[in-house]
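Given next, in structure tokens, is a single chain: the form predicted on its own.
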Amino acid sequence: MKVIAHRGFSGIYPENTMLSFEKAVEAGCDVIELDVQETKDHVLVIIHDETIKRTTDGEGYVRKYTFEELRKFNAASIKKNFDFLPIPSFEEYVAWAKTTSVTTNIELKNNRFYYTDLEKKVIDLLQSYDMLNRVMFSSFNHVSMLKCKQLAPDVPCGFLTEKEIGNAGYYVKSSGLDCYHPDVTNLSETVVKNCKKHGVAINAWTVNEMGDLRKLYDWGISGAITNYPDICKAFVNNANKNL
């Protein structure tokens, strides 16, 4: 089971910052999960919410700011005792990730507002760094994932869901996708078996409780998306030794 660092090492460090990503790698994660949106001047940036209020010292929609304006807000304000950290550009992250061994789960934030051609812009940037073979895509907007699959057929794509989907494996497979990304609290062993039957990988979010971690490991899912990659990695390593 792969350890997927949710917005980096977000349990301790400010989420979706370069510091959080660097610390996730130090903690031994296999994959980094992050969120991509677009600024007013069409720069791809990494931030979860459509507004900056929760995670920075500012407010307003991401898409209403230029990249230069966004960089003035403190993305470390969500946590105490951290110095100023800017909202990173997606290109900054990709250039850094190329120097590491981790892969990346890129969530396209096309939910409340649909960023036109976000899929193509993300794919084009990855291609320019020869990084398309080290990523996967996911989104709650399933149409966006179908578009990604059309543009980059070889890249794994996953449907994110908050509520359980009946016959999830068939739903994902018949859509031409590869992965199912459910909320861990809404995942049952029946769904896991259904996905395995159809050859669909499962990456569950957000796995921060030991009971959930043990359950998912026993079920043999593909990946656990967690805020605490250090704890998750230690558990998986220990469990693998005892096989």
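Nothing here was measured: the structure is a model prediction, and the numbers come from that model. Residue indices: 1-based, along the sequence shown.
FYI, the form predicted together with ligand G3P isn't displayed, but the following is about it.
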Among Tyr114, Phe140, Tyr129, Trp96, which has at least one heavy atom within 4.5 Å of ligand G3P in the model of the complex? Phe140
Partner-contacting position among Asp30, Asp178, Glu38, Asp35 - heavy atom within 4.5 Å of ligand G3P in the model of the complex: Asp35
Is there any non-hydrogen atom of Lys109 lying within 4.5 Å of ligand G3P in the model of the complex? yes
Report whether the minimum heavy atom distance between Leu160 and ligand G3P in the model of the complex is within 4.5 Å. yes
Evaluate Ala224 for contact with ligand G3P in the model of the complex, applying a 4.5 angstroms cut-off between non-hydrogen atoms, and reply yes or no. no
If we take heavy atoms and a 4.5 Å cut-off, which stretch out of 5 to 13, 216 to 224, 19 to 27, 230 to 238 is in contact with ligand G3P in the model of the complex? 5 to 13
